[in-house]
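A single chain, nothing else alongside it, follows as structure tokens in the form predicted alone.
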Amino acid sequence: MTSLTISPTDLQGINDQVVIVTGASSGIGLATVQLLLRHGAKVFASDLNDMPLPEATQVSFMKVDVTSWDQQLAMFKAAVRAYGAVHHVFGNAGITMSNTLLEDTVDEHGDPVPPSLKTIDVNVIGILYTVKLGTHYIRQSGEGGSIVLTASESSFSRFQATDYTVSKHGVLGLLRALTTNLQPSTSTSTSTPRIRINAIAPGWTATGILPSLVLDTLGPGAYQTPDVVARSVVLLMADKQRHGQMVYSNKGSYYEIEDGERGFIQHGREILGEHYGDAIEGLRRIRERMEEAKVREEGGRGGE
């Protein structure tokens, strides 16, 4: 785990870039919109709730339910119409726990009823849609760019909010899978725009997702404000060297916890030893074969 310091100069690379932000009308999303605007970005915001003033007059906005593919597609198309391109996407829309899976609820026949999947739909399916569309439209810009996902401290800890924790583990899994898939390929054209993917993992943060009772119980100084988290979001967009990273923020301090000699990935290697190496080597060979097959397939599609 590497400690980070984020200065205003670290965020300057976002100037004049087009950024889509989901879950933009409050909390971390709103704080990120405000920071992006201060650093000269062009923001297309979305949420189920209206943007507050003055941000409502400073950004393009669309009401979007992220669980709807059609609504997200319309959002990306509208962003391109408004600004001509999409360079960065902040997949931030999310909700809190819907159930623990331990509720003993039954129907009129006394049979167990299925659990609500609302949290999974928003926090996982919605993010999958955002990433899928984000990679497509960032490629269309021809300049490359990045996707930042909102994970959580619960992505790597034991947290009792069952479906919420499952969803945030899913975001971390998505980051890890796409980090490799989005690595520049040695067998494809170097002219393909590079897309980076990173995530943030906020600790306790004063947002609408946390009831006031929770914040009161934690007490002053035990949580951070959304603007702290926003700085980590914009850093991951602005710094073109960052890929596959997850920045954990806690009470105003920042830590990169995936990469590096003290990161989770390296720690896993050390714990598993040669078994980890064998597995990674197998995955590497499979990936090479898949890339070779893709090149042969694309070559077979050539015209006259």
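Quantities reported herein were computed from a predicted structural model and do not represent experimental measurements. Residue numbers here begin at 1 and follow the sequence given.
Here the subject shifts to the form predicted together with a small molecule, a form of this protein not shown in this document.
- In the model of the complex, none of the heavy atoms of residue 76 sits within 4.5 Å of a heavy atom of the small molecule.
- With a 4.5 Å cutoff on heavy atoms, residue 151 counts as touching the small molecule in the model of the complex.
- Though the partner is left out of this view, residue 48 does reach within 4.5 Å of the small molecule in the model of the complex, counting heavy atoms only.
- Residue 135 falls outside the set of residues with a heavy atom inside 4.5 Å of the small molecule in the model of the complex.
- With the partner omitted here, the residue from 124, 95, 174, 80 that has a non-hydrogen atom within 4.5 angstroms of the small molecule in the model of the complex is 95.
- Looking at 262 to 270, 60 to 68, 37 to 45, 238 to 246, the stretch with residues near the small molecule in the model of the complex, meaning non-hydrogen atoms within 4.5 angstroms, turns out to be 60 to 68.
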